[in-house]
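Listed next as structure tokens is one chain, alone, in the form predicted on its own.
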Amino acid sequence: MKVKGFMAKTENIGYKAVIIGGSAGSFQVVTNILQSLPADFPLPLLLCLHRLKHVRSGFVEALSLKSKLPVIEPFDKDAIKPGKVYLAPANYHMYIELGNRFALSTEETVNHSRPSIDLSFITAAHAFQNKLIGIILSGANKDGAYGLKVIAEMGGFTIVQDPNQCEMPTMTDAAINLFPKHNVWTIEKITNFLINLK
């Protein structure tokens, strides 16, 4: 099923990456998205999800059980490659650098969070500009709202999960209130959009 009105834009622009941020209530949504994506999905998928600081195992394994794509926690200076899912490591900020590389940092928390969705989104926006798709999912704080706005201002394509579907709508509401022009979509529409990326 194709999402009418968006496929021509997607194919013409030639997106280079998808970045997704979420917190409380987002894990199951991400799992469902990964389960739906084909093994030949052409873009890197960058995940910045709030998680327990001191629980370092189990998260990647749980996502890998459902994903047809390899799920990886990147190391500092790792290259970003297409067709892989990269999960921000617990208790590290994940920056996206020019030249398609990660940078990890243990600097102070931002929005009480490390990893900070805002930092990942802002740096990805500068690295990929109008070739980036940014998505905010369910969450219990406002992290990511400003970063998603920066993605939009840099020409990227921005999506917010419909707050009516969110377990915790604080994060999505904050993104919409800060920048009302985001696309507000159901998870079904988000998933179909990603499946049809070329």
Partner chain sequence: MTAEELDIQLFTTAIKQASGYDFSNYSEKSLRRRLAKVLMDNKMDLKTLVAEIRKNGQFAEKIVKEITVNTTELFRDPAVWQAIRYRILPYFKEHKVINIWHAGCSTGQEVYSMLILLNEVGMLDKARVFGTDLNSDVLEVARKGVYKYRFNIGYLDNFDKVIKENPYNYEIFYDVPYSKYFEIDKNKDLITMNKFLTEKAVFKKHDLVQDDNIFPCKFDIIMCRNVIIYFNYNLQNRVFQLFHESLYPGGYLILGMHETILGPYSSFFEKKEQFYVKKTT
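Numbering follows the first chain given and starts at 1. These figures come from a predicted structure and were not determined experimentally.
A second form of this protein, the form predicted in complex with the partner chain, is not displayed here; the remarks below concern that form.
> Check H126 for me: does it contact the partner chain in the predicted complex (non-hydrogen atoms, 4.5 angstroms)?
It does: once the partner chain is placed as it appears in the predicted complex, H126 has a heavy atom within 4.5 Å of it.
> Please determine whether S105 contacts the partner chain in the predicted complex, using a 4.5 Å cut-off between heavy atoms.
Because a heavy atom of S105 falls inside 4.5 Å of the partner chain in the predicted complex, the answer is yes.
> How about N91 - does it come within 4.5 Å of the partner chain in the predicted complex, if we only consider non-hydrogen atoms?
Judged by the heavy-atom cut-off of 4.5 Å, N91 is in contact with the partner chain in the predicted complex.
> Taking the partner chain as it sits in the predicted complex, is Y95 in contact with it (heavy atom to heavy atom, 4.5 Å or less)?
The answer is yes: Y95 has a heavy atom within 4.5 Å of the partner chain.
> May I ask you to list the residues of 68 to 95 that have any heavy atom within 4.5 angstroms of the partner chain in the predicted complex, in sequence order?
E73, P74, F75, D76, K77, P89, N91, Y92, Y95, in sequence order.
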